[in-house]
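One chain comes next, on its own, written out as structure tokens in the form predicted on its own.
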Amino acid sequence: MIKQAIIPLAGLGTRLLPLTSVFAKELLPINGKPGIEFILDECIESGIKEVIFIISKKKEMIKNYFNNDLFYKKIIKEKKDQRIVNEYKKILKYKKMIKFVYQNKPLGTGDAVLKTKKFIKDKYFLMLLPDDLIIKKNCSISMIKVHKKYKSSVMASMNVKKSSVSRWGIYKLNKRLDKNNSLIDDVIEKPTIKEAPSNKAVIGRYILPKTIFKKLLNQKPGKGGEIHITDAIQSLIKENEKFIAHNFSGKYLDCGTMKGYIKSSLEISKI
């Protein structure tokens, strides 16, 4: 069973400036609800019992959001507002399952994952990237089902326009296992249109093996001087570790850009 999830939150969110000059992007409201709560709800519905947030000192606001007990107790005592009581109960539910680790230097997603090494107990764990919201159908639940069926690592996959492949990690696929799942031969980070082996993009949901930590410990920086999780995944695939690309059926929303953030609120308001 997949019982633990990690969520990298140390990024500065420069694509959402000026909002993120004073505010953590993960706490920005999407149709009246902080974006990170959509991710937490996805985890809870998937049976996740513990979530590890990777933050930086500059993102202490996120930690404070879930640890503001004195504020809530005082307000509830004064106002006796049931809505505030319900909100506080929800925060407490999240708080019980969250641990915090720090990544104070922006050295890439692979480095962020490595910070969680001592906390991961089981052979596999879930990773969710908060910029990627998937609504209408829980992507993590469907990926966990695939993991159970094939006893392997799983990564979310989505068709993108050929003209936009340079924005994404792109899969080179092997044989098809069934209608929505294929074995992965390789993952190429932000290829040119000519280099791209397909138009199947990596989306921010991963079920990863604990063995990835050994790769990350010895991994040299890649593009941009960062430690990329895709490089570690490539190393494991070369050693015949099985990774599956899963075509999810939910609706993908990109919350990491201003245009995408605005669109996400509009889409969620329609549900």
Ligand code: UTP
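Quick caveat: nothing in here was measured; it's all calculated off a predicted structure. A residue's number is simply how far along the shown sequence it sits, counting from 1.
Below, we turn to the form predicted together with the named molecule, even though it does not appear here.
**Q** Can you tell me whether residue 260 touches the named molecule? I mean in the model of the complex, with a 4.5 angstroms heavy atom cut-off.
**A** Residue-level check for residue 260: no, no contact with the named molecule.
**Q** Is residue 14 close enough to touch the named molecule in the model of the complex, meaning at least one heavy atom pair within 4.5 Å?
**A** Within the cut-off, so yes.
**Q** Classify residue 169 as contacting or not contacting the named molecule in the model of the complex by the rule of any non-hydrogen atom within 4.5 angstroms, answering yes or no.
**A** Output for residue 169 is no: heavy atoms all beyond 4.5 Å of the named molecule.
**Q** So in the model of the complex, is the named molecule close enough to residue 152 to count as touching (4.5 Å, heavy atoms)?
**A** Residue-level check for residue 152: no, no contact with the named molecule.
**Q** Hey, of 37 to 45, 215 to 223, 22 to 30, 235 to 243, which bit sits against the named molecule in the model of the complex at 4.5 Å between non-hydrogen atoms?
**A** It is the stretch 22 to 30.
**Q** Of the residues 196, 158, 146, 129, which one places a heavy atom within 4.5 Å of the named molecule in the model of the complex?
**A** Filtering the options by heavy-atom distance leaves 129.
**Q** If you check 97, 84, 107, 177 against the named molecule in the model of the complex, which one has a heavy atom within 4.5 Å?
**A** Result of the distance check: 107.
**Q** Counting only non-hydrogen atoms and a 4.5 Å cut-off, give the residues of 175 to 201 close to the named molecule in the model of the complex.
**A** Sequence-ordered list is empty.
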